[in-house]
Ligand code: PNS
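Here's a solo chain for you in structure tokens, the form predicted on its own.
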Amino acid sequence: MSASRRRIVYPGSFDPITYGHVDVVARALQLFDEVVLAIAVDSTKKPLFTIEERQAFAEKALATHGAKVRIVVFHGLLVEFVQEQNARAILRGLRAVSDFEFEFQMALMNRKLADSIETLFLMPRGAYTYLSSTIIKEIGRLGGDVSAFVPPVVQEAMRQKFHGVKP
């Protein structure tokens, strides 16, 4: 893939990927030629799903975008990964004002580490502004219906994980 393509990296744990994430990717594709969904391996978090599961969920959830979206697992500093991907921007989703302070600090730190990389913030559609993977996992753990929040592949995996229900 040529470096002249407008490419942005969308990092996160995506544990699990939600319709809010899918919406932010779709919005980014209106501005960029390619979105690299970068699933971070973070040893400080205890994810519900393995990195392989999260990657498979993202591939299925974003399959309709074809080659415009690549799903990649990464370790280490985000700015170094962004540079390796020949991207010039980091995509972050903002749901509410409460997200902004943390995201702003991260954007400033990333700029300090690599001032040629910009951070862009996109808000999901209003229907998804309240979604968080943490809340969705809690709803699923308590037996609630998560079908409005996550793709079917994630919904089934949550049912299996929490309640031993096979499809």
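Note that residue numbering follows the sequence shown and begins at 1. Predicted model only: the values in this text are computed from it and were never measured.
Omitted here: the form predicted in complex with this ligand. The next part is about that form.
With this ligand omitted here, the record of contacts in the predicted complex names 42 to 50 of 119 to 127, 27 to 35, 63 to 71, 42 to 50, defined by a heavy atom within 4.5 Å.
The partner is absent here; in the predicted complex, the one residue of Met106, Ala56, Ile135, Ala114 having a heavy atom within 4.5 Å of this ligand is Met106. This ligand in the predicted complex is approached by Arg92, whose closest heavy atom lies within 4.5 angstroms of it. This ligand in the predicted complex is approached by Gly12, whose closest heavy atom lies within 4.5 angstroms of it. Contacts with this ligand in the predicted complex, taken as any heavy atom within 4.5 Å, map within 72 to 100 to Phe74, Gly76, Leu77, Leu78, Arg92.
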